[in-house]
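For reference, the chain that follows is the form predicted alone, supplied as structure tokens.
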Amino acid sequence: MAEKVTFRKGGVHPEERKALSETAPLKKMAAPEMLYMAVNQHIGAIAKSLVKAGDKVLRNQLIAEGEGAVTSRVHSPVSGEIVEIKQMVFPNEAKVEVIVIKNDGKNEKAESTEQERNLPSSKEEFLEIIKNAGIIGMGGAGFPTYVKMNPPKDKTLDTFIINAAECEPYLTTDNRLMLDYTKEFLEGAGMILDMLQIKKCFIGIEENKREAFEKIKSENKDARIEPKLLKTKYPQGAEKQLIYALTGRVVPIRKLPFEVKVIVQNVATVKAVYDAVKFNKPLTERIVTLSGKGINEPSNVLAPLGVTVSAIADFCGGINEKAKYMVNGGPMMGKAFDNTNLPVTKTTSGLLFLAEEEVSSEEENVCIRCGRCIYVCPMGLNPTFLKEESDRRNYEKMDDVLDCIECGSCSFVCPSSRQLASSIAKGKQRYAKHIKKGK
């Protein structure tokens, strides 16, 4: 039996609740009549629309891009006409420009896209392909992949880690991708090793995805790639925790993985790299888990980007009367929302429709100083202290807040139902602005 590894500090064990969708076969959703493409789906410089109302577009055509070293691009999933460009408010409370496209049903592709081509001959060409394809971290972070794969010249890499932990309850997108696209996923991993000249790859898979682990282990023929079982513990998929679990290396506080010669990418990101490099296919679709007792047919859906929540929910049998809460992402780190007209983006790993009994709705009470939040914090912080200082806006005492990974473990274990994670996240944003202003 394979040895199971994990990180050393903190962590929690929420109910997995993956059974709702983990055996559901992958369903491919055709593009509907209207798509809503958010211009900014990434971390970095804001992208700008390259089209205007009335313009005709082709499938895979570039429709938005940003300037600067850290940014990303957006492509149309269909051929059709630009109806309008408008603002929409997303779950993170940010207003984002959205390009509305009317699908003409013709699927006319941009020249030379979605056809097999020669592999790149250099790292520079490889990174340029990834940049042009608009690939970002699809686990939720949204950081541009071409930047992450190109560390400073004085930093060497010897290990590539693929994050297949998928430790959030309910979510089963990575599991489904590994089962249904095993060959493509492994080939994508090999491409990245070749192009970046990295000698070793670990695929970290939690033990609750044993079928995917065994299939990858069986089909993998590349000696450089090693699937490893992880103990089921949250937040196993957090970058620093995953690196420690698989290599024993500790990423210094406020430093990036390349400081310990490692880069980390999500399962879906690796598959997107394969599609772009081998077939000149930009990132225009992704697998999304729809789950919870409030959706009639919990599913894993390969959906075009820009499809609305209401449209993809209807594709899964519709939202039922049990649905009381909607979450974009997983229940631990996802964002609650109430507008079903919002679109799926590159970072939408899941859409949850939760019934009353699936959500803790106890009122917030005073802290009883039990210390549980300190015990489970994977970063060794004091969440109670950070919440209090955040609420008081005592910026001079909040330096540690930047080390918070916003995993929500503290809120999960709090017997007083205190909103620790959300208060700390707000404090983190305020503190960052405070530092930027130099006050």
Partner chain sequence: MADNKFIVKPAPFLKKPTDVKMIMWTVVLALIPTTVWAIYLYRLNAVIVILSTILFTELFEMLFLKIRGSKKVIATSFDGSAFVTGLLLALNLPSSAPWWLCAAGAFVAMLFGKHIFGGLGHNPFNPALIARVFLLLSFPTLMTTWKQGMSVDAMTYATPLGILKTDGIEAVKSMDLWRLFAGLPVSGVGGGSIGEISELAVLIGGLLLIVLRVIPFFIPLVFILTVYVFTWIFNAANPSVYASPMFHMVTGGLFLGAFFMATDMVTTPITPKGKIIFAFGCGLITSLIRLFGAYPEGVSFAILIMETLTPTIDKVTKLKKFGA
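Computed from a predicted structure; not experimentally measured. Numbering follows the first chain given and starts at 1.
One more form of this protein exists, namely the form predicted together with its partner chain; it is left out here, but the text below deals with it.
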Answer range among 101 to 109, 217 to 225, 245 to 253, 140 to 148 for contact with its partner chain, defined in the model of the complex as heavy atoms within 4.5 Å: 245 to 253
Contact test in the model of the complex: residue 61 vs its partner chain, heavy atoms, 4.5 Å: no
Its partner chain contact in the model of the complex: residue 358, any heavy atom under 4.5 Å: yes
Non-hydrogen atom contact residue 325 with its partner chain in the model of the complex at 4.5 angstroms: yes
Non-hydrogen atom contact residue 334 with its partner chain in the model of the complex at 4.5 angstroms: yes
Position in contact with its partner chain when the complex is considered in the model of the complex, options 31, 47, 414, 37, heavy atoms within 4.5 Å: 414
Heavy atom within 4.5 Å of its partner chain in the model of the complex - the one residue of 196, 83, 89, 367 that qualifies: 367
Its partner chain in the model of the complex: contacted by all of 75, 124 and 342, heavy atom 4.5 Å: no
Contacts with its partner chain in the model of the complex - residues in 374 to 410 whose heavy atoms fall within 4.5 Å: 374, 375, 378, 379, 380, 381, 382, 384, 400, 403, 408
